[in-house]
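First, one chain by itself in structure tokens, the form predicted on its own.
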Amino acid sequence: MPIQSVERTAAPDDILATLERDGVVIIRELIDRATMQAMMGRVAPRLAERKTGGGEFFGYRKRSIGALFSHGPELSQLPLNPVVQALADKVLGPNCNTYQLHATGAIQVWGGGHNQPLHRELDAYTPFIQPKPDDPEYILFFMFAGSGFSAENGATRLVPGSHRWPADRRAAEEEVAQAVMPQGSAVVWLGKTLHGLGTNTTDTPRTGLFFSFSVGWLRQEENQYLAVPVERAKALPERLQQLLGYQAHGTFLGWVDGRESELQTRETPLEMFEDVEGVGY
């Protein structure tokens, strides 16, 4: 089953319908190529500083960096894109008070190596959270094509429909599809969808810029407070600061004394919880 593609002008509800049905969808050229090339200008020098490796799990032929939104102001456009925000609101919004950035980075696949084992974003939480088909969605993943993705250069492998499978079901090779897409496009998948890096059989690396969102009460995969510490975060758009986690989840989860609950990079003279009944501190 191929991965369904939609145009960037498609209504968010139509994109969501495909995502919920298949567990994955490609949004073609969501970011224009000139903007994406400017973003690549920020991350390419950082990737060039890294050695090719990654071990068995990553097929030995990848380079990667984290803390994506610390590498240049252009990159802030990715998680703040209206289509991205609309999908996150619809997928994760019903399951939390606020959602947050979960993991971020750029990943480059070079020639050689092998396919990454198929896995799920939720695997990091086993055995405490199992990928059950009828459970709510906790993670939403976006992979943007920094360079064009082709079957030959290692486009991400995904298994449409696997978000509805029992956790122990294995995918046959004929059930695997690749996210073939032009530069600036995004492939989006759910936390229960099987996926993995492909093998690059060309002489040119392929680069993806990625980030995921998770519900705000879940431990983030990448420690955003060390990746983008508060003094650096203050230079970012306020909504991005919130997404990084500089925002409390509800009244009591993640509060900081002397900081505004809605934007914790700002200080407040108010003493939090002093007059709140039922808090025994």
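In this text, residue numbers run from 1 along the sequence as written. Keep in mind it's a predicted model, so treat the numbers as computed, not measured.
Unshown form predicted together with a small molecule; subsequent notes refer to it.
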Of the options 190, 159, 122, 143, which one has a non-hydrogen atom that comes within 4.5 Å of the small molecule in the model of the complex? 143
Interface check vs the small molecule in the model of the complex: of 200, 178, 116, 81, the one with a heavy atom inside 4.5 Å is 116
Going by a heavy atom distance of 4.5 Å, is residue 186 a contact of the small molecule in the model of the complex? no
Though only this chain appears here, would residue 102 touch the small molecule in the model of the complex if you measure heavy atom gaps against 4.5 Å? no
My question is simply whether residue 205 lines the interface with the small molecule in the model of the complex - judged by any non-hydrogen atom within 4.5 Å. no
Using a 4.5 Å heavy atom cut-off, state whether residue 71 contacts the small molecule in the model of the complex. no
Partner-facing stretch of 192-200, 128-136, 164-172, 83-91, counted where any non-hydrogen atom is within 4.5 angstroms of the small molecule in the model of the complex: 192-200
